[in-house]
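Just one chain is shown here, as structure tokens, and it is the form predicted alone.
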Amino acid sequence: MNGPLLEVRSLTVSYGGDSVAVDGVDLVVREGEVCLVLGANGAGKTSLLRGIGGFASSEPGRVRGGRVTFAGADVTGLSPRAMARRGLVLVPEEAKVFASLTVDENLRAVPMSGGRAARRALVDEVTAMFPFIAERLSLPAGQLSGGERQLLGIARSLLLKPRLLMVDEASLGLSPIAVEMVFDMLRSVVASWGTTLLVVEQNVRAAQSISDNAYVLETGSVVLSGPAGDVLGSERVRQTYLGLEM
């Protein structure tokens, strides 16, 4: 079994004083696996990802306690830019794209490393993984559907060549067809690139087919964790999450 790539120990995240969103969470993601974080709205899932990946200077949240270790190094509290340089990249919910730029310009705007030829080759490699991108390179990103914008956000993140890609609510607000498209692409990322994934989701049915391990968050704390099949097959998860989707 591969060793831990990401280790989170007793992580506590708060907003504005004493408002605790994440309360002493422990989490481990091993190299090459897909780890799912499941929870209802307000459970602390997004705050957990931001606590791991770093808060932007414009965001009010902060890490109050605990430790984040990535690839053996203590990265607690580093900025998102510093995290990305180390290979840990976050795709936020409703992935942000530059609506007035074309799809191709959105891809070229990513601060990739290497020379011009190497950057162009990487864009071509990522484009080949996402057929819709090749068909829409000249289209303004603002004209894409919600699912297509999410895929463009994932594609942009891959240009940073992450070792660990954190994806926040990839299915949020999408039609069932778009959800299937997004998770098909995530499966392709794992199969083709061997990228480690930490996926936050409410849509259990969409996420369960690609997940190796799972954690369930409630009010900022982990209440259940283990192999994805065991966690997602538990009575608690079936009643609370699958029951809502039937």
Partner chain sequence: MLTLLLGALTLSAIYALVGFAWVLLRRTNGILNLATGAQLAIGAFIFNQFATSWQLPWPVVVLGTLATVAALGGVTHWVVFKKLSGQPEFALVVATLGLASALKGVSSLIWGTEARVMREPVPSQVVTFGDQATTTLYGLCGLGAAVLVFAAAHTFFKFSTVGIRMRAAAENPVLSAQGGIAVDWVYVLGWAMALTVAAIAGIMYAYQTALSFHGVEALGMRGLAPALIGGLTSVRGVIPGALIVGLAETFGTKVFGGSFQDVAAWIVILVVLLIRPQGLFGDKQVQRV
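This one's a predicted model, so the numbers in the text were calculated from it and none came from an experiment. Residue numbers count along the first chain shown, from 1. Basically, rigid core = biggest C-alpha set you can superpose within 1.5 Å across the two forms.
The following text describes the form predicted in complex with the partner chain, which does not appear among the structures shown.
S.K.: Is K96 part of the interface with the partner chain in the predicted bound form - any heavy atom within 4.5 Å?
M.R.: Answer yes; at least one heavy atom of K96 falls within 4.5 Å of the partner chain in the predicted bound form.
S.K.: At 4.5 Å between heavy atoms, is L160 in contact with the partner chain in the predicted bound form?
M.R.: L160: yes, in contact with the partner chain in the predicted bound form.
S.K.: Determine whether any heavy atom of L78 comes within 4.5 Å of a heavy atom of the partner chain in the predicted bound form, and answer yes or no.
M.R.: L78: no contact with the partner chain in the predicted bound form.
S.K.: Using a 4.5 angstroms cut-off on non-hydrogen atoms, would L165 count as touching the partner chain in the predicted bound form?
M.R.: L165: no, not in contact with the partner chain in the predicted bound form.
S.K.: Of G115, G173, P131, P111, which residue is found within 4.5 angstroms of the partner chain in the predicted bound form when only non-hydrogen atoms are counted?
M.R.: Exactly one residue meets the criterion: P111.
S.K.: Could you tell me which of 23 to 31, 36 to 44, 54 to 62, 199 to 207 sits within 4.5 Å of the partner chain in the predicted bound form, going by non-hydrogen atoms?
M.R.: That would be stretch 54 to 62.
S.K.: Superposing on the rigid core, is the CA of S138 displaced by 2 Å or more between this form and the one not shown?
M.R.: Yes.
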